[in-house]
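This document starts with one chain, in the form predicted alone, laid out as structure tokens.
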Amino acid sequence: MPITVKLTEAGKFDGTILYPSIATGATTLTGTPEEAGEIVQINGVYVVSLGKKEKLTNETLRRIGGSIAKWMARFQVNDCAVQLEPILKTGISPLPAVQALTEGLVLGNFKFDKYLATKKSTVLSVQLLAAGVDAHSSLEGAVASASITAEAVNLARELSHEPPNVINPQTISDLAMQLATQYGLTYREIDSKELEKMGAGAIVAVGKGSLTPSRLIILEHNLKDGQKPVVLVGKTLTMDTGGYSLKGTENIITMKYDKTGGMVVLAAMVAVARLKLDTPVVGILAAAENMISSKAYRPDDILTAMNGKTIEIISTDAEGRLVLADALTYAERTYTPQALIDIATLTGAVSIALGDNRAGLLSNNDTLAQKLYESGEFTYERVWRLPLDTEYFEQIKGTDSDIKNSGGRKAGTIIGGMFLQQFISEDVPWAHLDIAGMMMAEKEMPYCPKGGMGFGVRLFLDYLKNIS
């Protein structure tokens, strides 16, 4: 069910209005509940709790927005309004607060029901009431920007949910071309045959077992001669069986989400175009399907990547770093980026290290790492930086090849980043986000149902806005 959010003059709405209120104690007859986001009717008035004032943050408001969206769906309230003044009077910074509330409203209404026989298609509407809208013109911009951002997250979620019999390297390329046409992005595709001619033996090998070979899908925004863009690279494994290093039954069942990094990049590029950001941005989807056949690559194979380095295959289930290796080399050679950032569901080890609260961040540049960290804190798509000490390279140093694609169980996330670092130059600011622990919610969250989270879209867009 889509949801629209807009700013409206207070007093010009006569439907269901929610009045935000700081918690006064649920034990009193007229008290606002302690739990932020809880909606109750007090003396005929609908009150949404802001929780305790000292705990009110932008993330709290994001979660409150999610709670309101779910309340509307549950009770079939198709149109309602939220009074902004009680929120603004708490002293919280107005623009980030309204942005967070709007994001929560749009994100909290997401549901992937495309393949259900019975689904609801009602369009919900929320109006944010402000006294003197003209005086709050900046808030109107914040609502519009936040809506576009959250809609992009929902796009990433939707595409992440799509099953592998629908989404493969070819169909995602077709979709990317459609979206590029719709939103004014420049689209290009480099197919497997052309990649092979370019020497991209790593990404080509990963897709050899599939009926739909590997490809690079490229989207460009506001790219002009002489400009150095920010390049976003997404791992786009539309299905990962593990190849001949076959995954077990429990681990293979969610591998449609192994394309999440690419879906985040694609959705972020759509939002970049809709927001008309000044910064030149390039999005690259390194797309492949890791399957088993007589043509599939094998353990013990030695591949030659686009930059000329040879890679001994220890595990065909360490395929994400292979498709990214050639994509990173291509990105650097083609665009000379001001910043090169890849995002991938790369290692299960990152979940062991950081759980499902933060993504792993590895980088060769302190300034870039700090900016991404700050954007993560602001959007609550939080990251934590891990080291890239040179000693870790010993785990992937090759004997019959330059490097190996796996270094064993120790420091798995760091080793993944160390591998990728071999395919970029030291002077290119680069960062790697390992979102394997954040690719899907295993239980319903305040503004995300079970399934694909779209983690990284909001982080990327905040980072890009800050440098724009």
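Note that this is a predicted model, so its numbers are computed, not measured. Start at 1 and count along the sequence shown; that's the residue number.
Not pictured, yet referred to below: the form predicted in complex with a small molecule.
This chain is drawn without the small molecule; in the predicted bound form, the residue among 348, 141, 94, 199 with a heavy atom within 4.5 Å of it is 348. Among the residues 103, 289, 326, 258, the one placing a heavy atom within 4.5 Å of the small molecule in the predicted bound form is 258. Every residue of the trio 235, 247 and 321 has some heavy atom no more than 4.5 Å from the small molecule in the predicted bound form.
The small molecule in the predicted bound form comes within 4.5 Å of no heavy atom belonging to residue 418.
In the predicted bound form, the small molecule lies farther than 4.5 Å from every heavy atom of residue 365. In the predicted bound form, the small molecule lies within 4.5 Å of some heavy atom of residue 406.
Put simply, residue 90 is far from the small molecule in the predicted bound form: not one heavy atom of it is within 4.5 Å.
Annotated contact segment (heavy atom within 4.5 Å of the small molecule in the predicted bound form): 432 to 440, selected among 36 to 44, 432 to 440, 418 to 426, 62 to 70.
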